[in-house]
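As a starting point, one isolated chain is supplied in structure tokens, in the form predicted alone.
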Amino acid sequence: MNRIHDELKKLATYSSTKVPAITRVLYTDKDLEARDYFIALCEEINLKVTIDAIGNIFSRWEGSDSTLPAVATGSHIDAIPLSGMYDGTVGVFGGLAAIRTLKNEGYKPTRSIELILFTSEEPTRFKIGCLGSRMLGGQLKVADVLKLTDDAGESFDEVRKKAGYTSNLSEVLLSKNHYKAFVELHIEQGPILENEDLDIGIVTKIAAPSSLKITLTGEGGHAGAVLMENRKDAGVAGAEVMIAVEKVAKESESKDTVATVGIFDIKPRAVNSIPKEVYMEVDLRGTNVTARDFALNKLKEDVKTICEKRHILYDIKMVNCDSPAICDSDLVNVVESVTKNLGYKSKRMVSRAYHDTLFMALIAPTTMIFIPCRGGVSHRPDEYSSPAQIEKGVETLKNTLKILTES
């Protein structure tokens, strides 16, 4: 079990920024090196490794009855710029540790166990989260994937082929009930478990994400020469829109509705020039899809009102608008039983962040196992879960996998 801590530290070195600030963007050299490291560890314990057309990695421990649907676990290892070393990685390397421990204990599964390293859970490069699991679950179609480009103008298809993934994209989709179950181990990315002195969170529902790209176009000009009454300042309009984003979330009927402007760019970015264009990306999510959609529609109306008042042109593009996932009650019960047998303190909870499990739920029964993270912090260099917390998560996952693969 102790190996996982050394492996996570080693994985952190595959970063384009200095540890503890981790940056590992899809299909970059550091991402590909990290994948190779993971594959080597899987092959070391004789897991059968296969890789699909976009780089989803499947490491299988064959059960005694290969005709039965396998049980799957896994997560991601890509990391947004200047983030931490535990988001996603605990689920991948924790899954590996669980399998390794079961093997060492002499366990022989009836059903196969498949460990998945998902491609591009983070939206950093192609502006859409959970790209790998979306394609596996059928939520993201091949035709839409082929439209994706990164900030350098390279298409997803070009970049994935340069990375060595050249097979047919149509082969990525998995059939419904391909797996008997999918269980993802993950840090909570929130403060509840730590604040309540709990060991494990058992996820019953995953929030519904949506994201928008908003472009506002006004008229530039010299900051000293254009009087205030004659301005069509896209920057000021953008500031109003940003406040509107916050307001629609705060006024939502659901406390779980949250909204964030994560990207806000201005052109031409000169101190003596009136902003002529604003580009922003908005993340708006919640566990109540009706409340989430109401907030989305209200935001669109607010953008229209603000821009018409200021004589600004606007364009809104929906990137995604997904449904929440309801976790399988039988799986939730299994995990809860495991924690009780281990003597761990646990509770059922909602995941307000979304994960690959959200899209695996389209093809299999799912749940998630959460472990605490210090201060509820994530997506920052000071993201941290202790060795003891990680080991309790792995032990919970290990025993859950054992129960699910016995027959």
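So that there is no doubt, residue numbering starts at 1 and follows the sequence shown. Values in this document were obtained by computation on a predicted structure and should not be read as measured data.
There is another form of the same protein, the form predicted together with another copy of the chain; it is not shown, and what comes next is about it.
The shortest heavy atom separation between E229 and another copy of the chain in the predicted bound form is within 4.5 Å. Another copy of the chain in the predicted bound form is approached by V261, whose closest heavy atom lies within 4.5 angstroms of it. Within 4.5 Å of any heavy atom of another copy of the chain in the predicted bound form lies no heavy atom of D150. Under a 4.5 angstroms non-hydrogen atom cutoff, another copy of the chain in the predicted bound form has R310 among its neighbouring residues. The partner is absent here, but in the predicted bound form a heavy atom of L82, alone among I326, M318, L82, L146, sits within 4.5 Å of another copy of the chain.
Proximity to another copy of the chain in the predicted bound form, defined as a heavy atom within 4.5 Å, singles out one entry of A239, V159, L174, L102, which is A239.
The stretch in contact with another copy of the chain in the predicted bound form, judged by heavy atoms within 4.5 Å, is 274-282, chosen from 333-341, 294-302, 274-282, 88-96.
Heavy atoms closer than or equal to 4.5 Å to another copy of the chain in the predicted bound form belong, across 375-407, to the residues S378, H379, R380, ordered by sequence position.
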